[in-house]
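In the block that follows, a single chain appears as structure tokens, in the form predicted on its own.
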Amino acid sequence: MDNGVNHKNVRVRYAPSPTGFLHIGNAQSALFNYLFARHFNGTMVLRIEDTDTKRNVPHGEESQKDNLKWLGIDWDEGPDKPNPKYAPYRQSERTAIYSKYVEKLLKEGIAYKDYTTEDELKEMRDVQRANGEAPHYDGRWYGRSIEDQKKAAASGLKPSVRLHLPSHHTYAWDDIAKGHVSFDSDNMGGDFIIQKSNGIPTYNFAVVVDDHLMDITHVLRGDDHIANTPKQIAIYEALGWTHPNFCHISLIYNPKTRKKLSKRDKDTLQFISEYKRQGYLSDAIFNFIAFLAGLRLVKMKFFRKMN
């Protein structure tokens, strides 16, 4: 990858889940993408990752959009500004698209159906821990016969779909912020799920399909996503696609706990709507977030690398 050298037709995305309201960490991520798009005369996409229906909160999407606009952070494409080439922008409206690519991988034998039950998975992990091993999926359904699959389905079991990882394979990228990063496939927890037993794609699979089909060139996000990146690169490789440039940005930490700012930190004012209710000016909060982001930009010489 070009590690940020080629910046023609830049397309970035801010992709929140409506499982909560816009907080400082979200806003920092949105701001990075907003500034990056504006710096290179590119396009910022707002995409709503709403497939986790059990955790979605009422008005979560509205909170994201309304509070971003209050801060002065706008987007070029999204649910309210659709480009017919890329719409729809809510993952819940794209499930047929994901299923198409899951079926492709199944037909090619790169992915496979897994009928392992929750009890079997728990037993597997317990045995591995007892043996001093890191918990991982042992691949027990990889290469199983059609007869075995039919028997499991006839018993009422609904399969998840897993991506098969090659042994001793390196997944690597040149991160704009972190430099060269690599993972060995043997240390990634085994073949991982790309589609749940209810037919809903996992986060990592949906993100890859969306980023590719929406022509996203740069993925700028918090460094808590680093562990997701090798899995996403594995999906890109399985589908024969080139992955975008990645940039993993330092998170905002709670100065008391020295852990990343969490929604559970009730003693910290962190939701943008809370600042609004207390009478803060939007410009003041924008400048505050920009200051926090600016420290990180300077620290990693962000725009010097970009030019």
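Note that residue numbering follows the sequence shown and begins at 1. Keep in mind it's a predicted model, so treat the numbers as computed, not measured.
From this point on, the text means the form predicted together with a small molecule, which you will not see here.
This chain appears without its partner; in the predicted complex, the one residue of R90, H225, H136, H169 with a heavy atom within 4.5 Å of the small molecule is H225. Contact with the small molecule in the predicted complex, defined as a heavy atom within 4.5 Å, holds for exactly one of W141, W173, Y203, Y98, namely Y203. Shown alone, this chain has one stretch from 217-225, 79-87, 153-161, 193-201 that lies within 4.5 Å of the small molecule in the predicted complex by heavy atoms: 217-225.
Within this chain, V207 lines the site of the small molecule in the predicted complex, having a heavy atom no more than 4.5 Å away.
Proximity of E61 to the small molecule in the predicted complex: non-hydrogen atoms within 4.5 Å are absent; the residue sits far from the partner. Interface membership of L22, defined by any non-hydrogen atom within 4.5 Å of the small molecule in the predicted complex, is ruled out. The closest heavy atom approach of V12 to the small molecule in the predicted complex falls outside 4.5 Å.
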